[in-house]
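A single chain comes next, written as structure tokens; it is the form predicted on its own.
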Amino acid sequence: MPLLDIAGLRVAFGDHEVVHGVSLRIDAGECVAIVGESGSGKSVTARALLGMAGAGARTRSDRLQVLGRELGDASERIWRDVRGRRVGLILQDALVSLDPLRPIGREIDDPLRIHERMPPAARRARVLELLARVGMPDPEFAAGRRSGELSGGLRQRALIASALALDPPLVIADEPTTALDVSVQARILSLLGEIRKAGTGILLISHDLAVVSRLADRILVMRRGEVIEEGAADDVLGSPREPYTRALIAAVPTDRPRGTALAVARSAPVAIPESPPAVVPTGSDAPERPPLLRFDRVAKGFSVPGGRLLAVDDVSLELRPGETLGLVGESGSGKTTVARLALGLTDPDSGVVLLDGEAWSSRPERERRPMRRRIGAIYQDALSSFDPRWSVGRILADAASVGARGTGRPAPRVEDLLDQVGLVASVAGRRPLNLSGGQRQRVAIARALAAEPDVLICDEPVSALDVTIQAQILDLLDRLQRRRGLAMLFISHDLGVVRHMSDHVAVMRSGRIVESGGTEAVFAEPRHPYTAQLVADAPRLTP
């Protein structure tokens, strides 16, 4: 029998139906992927298969069977028996999904304690085995850490370990590798491939078509709640029938040269500010100018149980007007600490950070504050960077007014900021929690642009976006850079995105820069073994 067999699945919230008659079957040892833009209904579909469509959701189907058991009218008690034991769930947002007050070891132990009669010592050994299996460094130490003490990639690995704890025959993976660097992503994809070969069925929800092409046997393409195309992965990716599917594939940045537009004509163009009117030379076309942002032998350490962690070790970097410097490396390599040092949110232990030739890291905060508008930031976890009580309009208005203060120029209108990132004006009245992950990230980008900065620190700026919206945002950032001479420090685990966006790239490992240079030179002929391994591990779109 199939592991999952659904027919005519419909999900509605009030009078608004968001999933229209989806049918799907997954056999043992098969991976089926659902792809589509934010709001297409793919995640709601996945959650409905576990009775978790959301508060106020009305779900109905002609057939909804898991391992031959009809669950269309299942009670919550029955669903609790299904979740974890028969179907494992890997969610996209690890920070929200993990309890911030409990160590991750207890999170992974819970399904074992609830569903299995195992003594505590055996459960502990199983927890450490699972953490090692998903590539968690030092599982014994990590098991005692809370989610807020781990990087985004480490949190996601803990979430995957929890989902696999009971070896369920079916796994629903909703963006399982979104927050992972390429090395760990390769490990997780290999792990998912191994459990598939052992007979586990996988429903994969992903906006990353390179990941999908590596793992999926069949692909369903969803748009506006409907499946518009489905078939074998090679057929859908190699010879797509629908224009929408072709647009998804065209938007993948891997192997697309710097400056090449990714968004296709079917999408409404993303507006950009009209001032200043002249295009500023960027990248290799830009004249040699003093760096806007400079790190000179910067080091930063943190106290950890048992000693001190040197997160940034003797790092020197230069970022010039109109240039993009890509920063890549595995989780915990020090990339985000570099971003915090650049933003003046933490001070170095040694060395100096300069902004436009002037002291930045060594200034007291009262002197830094008037200069802060010159550096904007886009964070990896958009939701946690917002005040949840504020509307989007208030968030953007506040950023615009603070940026305009003391400059003598008017603050940008909220509607214009939303338009720049492809959001309609009505979003201004909503709160971040009521937006999709992609919408929240676009609001974060609009907030960063509100002060019209000279330097933009981008820490995983498109990791939460589906591929077509990612393409629009990358095109937007590229055009803004050319209009304004904007300098960007672009931190990402996605080597395809970094290669497409960057003029220069620096590779970090264990707090140090192990290789740097022109982007194409580093990617084409990496000198350091670690860089070569990153390039080899990066997934590619291969139908």
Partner chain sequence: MLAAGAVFVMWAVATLTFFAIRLIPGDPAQAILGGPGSQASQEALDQVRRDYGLDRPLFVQYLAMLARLVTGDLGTSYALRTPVADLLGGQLGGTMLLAVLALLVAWVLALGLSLWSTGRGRVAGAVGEGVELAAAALPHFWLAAVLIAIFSTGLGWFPPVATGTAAGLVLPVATLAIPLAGFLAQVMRESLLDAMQQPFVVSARARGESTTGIRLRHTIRHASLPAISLSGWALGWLLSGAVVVETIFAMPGLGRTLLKAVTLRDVPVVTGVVLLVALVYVIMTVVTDVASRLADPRLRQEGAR
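These numbers were taken from a predicted model, which means no experiment stands behind them. Residue numbers count along the first chain shown, from 1.
FYI, the form predicted in complex with its partner chain isn't displayed, but the following is about it.
Exactly one of the stretches 180-188, 98-106, 131-139, 294-302 approaches its partner chain in the predicted complex with heavy atoms within 4.5 Å, and it is 98-106. The three residues 1, 60 and 73 each lack any heavy atom within 4.5 Å of its partner chain in the predicted complex. Residue 359 falls outside the set of residues with a heavy atom inside 4.5 Å of its partner chain in the predicted complex. Contact annotation: residue 111 falls within 4.5 Å of its partner chain in the predicted complex, judged by heavy atom distances. In the predicted complex, its partner chain sits within 4.5 Å of a heavy atom of residue 149.
Within this chain, residue 423 is remote from the site of its partner chain in the predicted complex, having no heavy atom within 4.5 Å.
Interface residue among 258, 430, 80, 246 relative to its partner chain in the predicted complex, by the heavy atom within 4.5 Å criterion: 80. Between the options 52, 28, 67, 514, the residue in contact with its partner chain in the predicted complex by a heavy atom within 4.5 angstroms is 52.
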